[in-house]
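We begin with a single chain expressed as structure tokens, specifically the form predicted on its own.
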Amino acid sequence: MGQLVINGGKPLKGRVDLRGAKNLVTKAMVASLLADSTSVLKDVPHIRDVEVVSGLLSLHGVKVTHDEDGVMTMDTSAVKQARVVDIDAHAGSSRIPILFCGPLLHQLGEAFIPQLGGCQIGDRPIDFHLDVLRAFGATVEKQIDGIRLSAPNGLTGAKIELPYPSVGATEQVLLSATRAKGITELTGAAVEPEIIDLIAILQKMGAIISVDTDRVIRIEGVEKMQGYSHRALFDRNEAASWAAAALATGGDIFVGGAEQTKMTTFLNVFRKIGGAFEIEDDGIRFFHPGGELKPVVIETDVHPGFMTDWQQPLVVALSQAKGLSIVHETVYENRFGFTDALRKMGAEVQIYRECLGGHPCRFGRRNFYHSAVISGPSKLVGADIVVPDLRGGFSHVVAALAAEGKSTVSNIELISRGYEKFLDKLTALGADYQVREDVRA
């Protein structure tokens, strides 16, 4: 477990530049399996999740190259079935293999899913995915070491209604339906910008997809698809993370590549808290303008609501606001575990089972601690803390940077799953830290 020793209390100032969104890039890589030719994806970050998917593609016969400029090529002309033991060994820390199923069923007639990992932020069941694949005609067989799926006669379009607009389940439908026989109608779909960008990629490949305003997506299956060339959407989560870091440390950070139209909801909340921003052609400058920060009430939601990945780093900034802030988490039921470390550092955060937002959610009366009350401003002091997950880990680093004194942050490799050249960016922003042990974040 790698560690950072951070000397806090210094504002972060400078520029960081974004590449493609983790939540889009890895799915676009999987989409390349639908073609029998080469795809080119640009602005691909060098992060751990990309390495995992690259490895999984290689196991299935895909020739993958990824240069320093972020350009990735994927030659899928010789797709083959991978050995179960190799898939299991390589994908143990990722949940992405579930999305390989549709494309592999089209190409090979079978697929295998090992036990799935990922951040421990909630149950995140794969039932949605398996139900979707069954609806398309796949046979699902649960085994000791995972799940085997088969569709020797191919997949057939279906009418599917999701009980919740799950991003992952929507991606599963898109990747499975594009080459299925007939028409697929998906009701209750997620419509995040990353979903729309994936649809744009699939259309480039030959798919026929329409998106209605009522969360209905219709896909008319096609027999063959070709490779694509596409520049990935910027990472909205990373942009918001650095914005929160600027606010929490009293700093000034220009986030190159961030776009206003994809971050409207976040920008409104950032301004309400008391943060300032300036929109430029090549990015957004986020800074603390001075004065007191203000408390807010936030409810996370699916797009176009306030993203769940935005709330964790922002909670650190809210600990410096004068008054009571409320964050009601409605997407994941177990996303406040990171606040234990914040309390250890001096933040006043209380977690509740009740729905403390404007309306009850699906976690109400189910004994999940999914609402937080943050009282501030609190004086943060250095502490020894352990990173629990990707976004929570970034939040811990932000808290350590804002705190007085020295903090030791362990298990920082998790942060490298979603933040490219994380340590280099901290250096560029003037952070005072040292690396302890063998750290490759």
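As the structure is a prediction and not an experimental result, all values here were calculated from the model. Sequential numbering from 1, following the sequence displayed.
Same protein, other form: the form predicted together with a small molecule, not shown, and the subject of what follows.
Q: Any of the heavy atoms of His396 lying within 4.5 Å of the small molecule in the model of the complex?
A: Although the small molecule is absent here, His396 would stay clear of it in the model of the complex, with no heavy atoms inside 4.5 Å.
Q: Answer with yes or no whether Ile147 is in contact with the small molecule in the model of the complex, where contact means some heavy atom within 4.5 Å.
A: Judged by the heavy-atom cut-off of 4.5 Å, Ile147 is well away from the small molecule in the model of the complex.
Q: Can His90 be called a contact residue for the small molecule in the model of the complex at 4.5 Å between heavy atoms?
A: Close contact is absent here: in the model of the complex, His90 is far from the small molecule, nothing within 4.5 Å, heavy atoms only.
Q: Spell out, yes or no, whether the shortest heavy atom distance between Asp282 and the small molecule in the model of the complex is within 4.5 Å.
A: The answer is no: Asp282 has no heavy atom within 4.5 Å of the small molecule.
Q: Quick one: of Thr300, Gln107, Ser325, Ser166, which gets a non-hydrogen atom within 4.5 angstroms of the small molecule in the model of the complex?
A: Of the candidates Thr300, Gln107, Ser325, Ser166, Ser166 is the one lying within 4.5 Å of the small molecule in the model of the complex.
Q: Select from the listed residues Met307, Leu202, Leu186, Val191 the one whose heavy atoms reach within 4.5 Å of the small molecule in the model of the complex.
A: Result of the distance check: Met307.
Q: Please state whether every one of the three residues Arg95, Ile126 and Arg391 places a non-hydrogen atom within 4.5 angstroms of the small molecule in the model of the complex.
A: Yes.
Q: Go through 370-378, 383-391, 40-48, 404-412 and give me the stretch that gets within 4.5 Å of the small molecule in the model of the complex, heavy atoms only.
A: Contact criterion met by 383-391 only.
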